[in-house]
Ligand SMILES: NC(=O)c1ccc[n+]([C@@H]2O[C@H](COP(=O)([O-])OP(=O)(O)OC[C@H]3O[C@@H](n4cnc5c(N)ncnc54)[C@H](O)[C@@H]3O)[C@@H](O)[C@H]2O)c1
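Only one chain comes next, encoded as structure tokens, the form predicted alone.
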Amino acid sequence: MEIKNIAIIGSGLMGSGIAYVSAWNGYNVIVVDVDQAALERGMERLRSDVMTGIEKGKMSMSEAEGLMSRLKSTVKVEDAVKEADLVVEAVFENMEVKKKIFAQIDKAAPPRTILATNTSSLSIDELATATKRPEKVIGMHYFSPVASMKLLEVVVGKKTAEETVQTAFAVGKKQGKLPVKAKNSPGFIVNRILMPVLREAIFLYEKGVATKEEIDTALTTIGKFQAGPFTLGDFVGLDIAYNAMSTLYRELGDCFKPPETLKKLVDAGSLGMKSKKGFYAYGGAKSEPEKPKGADPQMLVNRITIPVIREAMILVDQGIATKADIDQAMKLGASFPVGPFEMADKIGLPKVKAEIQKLQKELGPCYSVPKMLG
């Protein structure tokens, strides 16, 4: 199915970003928000992004004019979707709110229209129950900032038609993205595998094995990650990390229960860089580094990456994604230096299995050996 007209529901950071890459790559876009003031802020953000593109030499004035000519906005959902070939919902992570929006879109949009959600962890199958077209419901999970992040997770529900999947892939590629496919499951690929990084790091910190600084330094120097787990958590937003982990906990059980340290920070409003305080302090206030524990950096890297490899293997065992898509997703969406399966190949599968067995013996069933390791 050819897509020409895209409606974006929600004009926040993600919605305006998706609108930008869509209009820039030739789609006619209409952005909708229920609140006129919020819509104006979103459109102003879009105009600012366009001006930045001109100033940085990424687009000419005529290209910018063309982009803006393909953008419209409205506060009426029915007006936004009446000629849409594709609708992308990008409101905040609340299932009941999203289901109400999907039901509203389903009634107003033409039968041909594909309904996509930008959710990072909520169930595509549950969202589809709010519509009479489950075969046309799909996840299109973009990453922030949308203009520069190349990954698009295309999330396939139980009733999603293959034509819907192919169309989502085609749109993603035209938007300049590198799509990967995941079956609907909690956290999809990136959040499912990324959450254990932060969780394991916090556990090591809570147990007094190492300081935050030691863990972050080990992961960046020896592990070659762009940022350590505590710095990354502060950057992403600890509320976002906590909500993603809570979804996994609710859907998958105790092995994803958010650590107490993370809960306390979120409850206190210490959400990371955006609130000037999280695991570390920002904006003038200095966080005093703790006295080093003298932990072996290589041990810290192994202790965090082995559970990550294990989780990636479970996704393959469950048929949720392929090894290649998982490796690509983690490199593009989470800035991993190499993918989990590339890590495993480097370490050697017998050693990976032995390390997981050691963790299982010490810490219990949340570290059981994946089927692919026998």
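Just so it is clear, the model here is predicted, and its values are computed rather than measured. When you see a residue number, it is the position in the sequence shown, counting from 1.
The form predicted in complex with the ligand exists for this protein as well; it is not shown, and the discussion that follows is about that form.
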Contact flag, residue 142 vs the ligand in the predicted bound form, heavy atom cut 4.5 Å: yes
Interface membership of residue 59, the ligand in the predicted bound form, 4.5 Å heavy atom rule: no
Partner proximity in the predicted bound form: residue 98 to the ligand, non-hydrogen atom cutoff 4.5 Å: yes
4.5 angstroms heavy atom contact with the ligand in the predicted bound form for residue 184: no
Contact residue in the predicted bound form, from 239, 93, 79, 213 (heavy atom within 4.5 Å of the ligand): 93
Heavy atom contact within 4.5 Å of the ligand in the predicted bound form, the stretch among 220-228, 112-120, 272-280, 249-257: 112-120
Stretch 1-39: residues contacting the ligand in the predicted bound form, 4.5 Å heavy atom cut-off: 9, 10, 11, 12, 13, 14, 15, 32, 33, 34, 38
